[in-house]
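Next comes just one chain, in C-alpha cells: the form predicted on its own.
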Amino acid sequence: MGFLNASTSFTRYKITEPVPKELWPEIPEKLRQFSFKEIEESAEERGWGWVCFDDMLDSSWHTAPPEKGAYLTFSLRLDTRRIPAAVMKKHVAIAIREEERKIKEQGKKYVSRERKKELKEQVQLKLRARTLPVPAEFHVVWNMQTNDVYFASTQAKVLELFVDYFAQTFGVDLEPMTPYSLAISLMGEDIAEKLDTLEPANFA
C-alpha cells in the first residue's frame, strides 16, 4: 500500500505540539535507530520498523534520503507470520494425541488443561520458526512546514502501531485529523459549541 499507487487509502494526522528545532537534523539518525530488523531467522510473530520510502528492503537509506523538498518520506514495514488455523489445529491435535499416549504408559487417563495450553504454545513456536513472515509496507509523508502527517493505511491495528512507534521514535505525538478537528482548526475554538450540537444526517 502506498502513495505511489494509482489510488490508496490513508489517514491524516497533526503533530499536537511544536516540533523542537533540534529534532529536524536528528531525524535521519532516529530513522536508522528505529529501522526495521529482519525476523526471518527467528520465531518472532511480528517485526516492524522504518525503511526507505523508495525501497522497503533498504533500512539504511542508501537508495534515497528521507528528505524530499518540504517533506520527509519513509515507510513503516510490518512483517507478520501467519499460521493457517487448519495447520495449527492439526499439529495441536497430533501433539495432544502423542501426550495421551505417553501418560497412558504412566497409568494416567487425561491430559490436564494446563498441559494442553503448554503443548499449544510449543506447537505455535515450532510452526512459527518454519513459517516465513509476510512483509507489508505503509508509506509515511510528513509535511515539515505544516506538521501534517499522511499515513497510507486505515487499518485500526496498524494505525495504533504507527502512532505509538512514531511517538517512540521522534518524541512527538500525533492526533488524527477528523472532520471535527479540521473544522476547529479552520474556524477556531469558538465553533466547538455549535459542532457539539450537530446531529448526523444521511445523504442517501
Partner chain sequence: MADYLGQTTDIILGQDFLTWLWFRSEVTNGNFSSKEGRPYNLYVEQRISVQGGEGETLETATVSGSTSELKEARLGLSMGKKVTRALIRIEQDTEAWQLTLKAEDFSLGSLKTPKVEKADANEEDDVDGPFLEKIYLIESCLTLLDDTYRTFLETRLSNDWKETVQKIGQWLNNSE
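Residue numbers count along the first chain shown, from 1. If you're wondering where the values come from, they're calculated on a predicted model, not measured in any experiment. Definition used throughout: the rigid core is the maximal C-alpha set that superposes within 1.5 Å between two forms.
Same protein, other form: the form predicted in complex with its partner chain, not shown, and the subject of what follows.
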Just to be sure I understand the contacts: of 177, 57, 43, 172, which is the one whose heavy atoms reach within 4.5 angstroms of its partner chain in the predicted bound form? 177
Could you spot which one of 150, 61, 34, 166 gets a heavy atom to within 4.5 Å of its partner chain in the predicted bound form? 150
Hey, in the predicted bound form, is residue 138 touching its partner chain, heavy atoms inside 4.5 Å? no
Determine whether any heavy atom of residue 16 comes within 4.5 Å of a heavy atom of its partner chain in the predicted bound form, and answer yes or no. no
Is residue 53 one of the residues lying within 4.5 Å of its partner chain in the predicted bound form, judged by heavy atom distances? yes
Is residue 124 close enough to its partner chain in the predicted bound form to count, meaning some heavy atom within 4.5 Å? no
Considering only 56 to 70, what residues come within 4.5 Å of its partner chain in the predicted bound form, judged by heavy atoms? 67, 68, 69
Tell me whether residue 195 is among the residues that move between this form and the one not shown (Cα shift of 2 angstroms or more, core superposed). yes
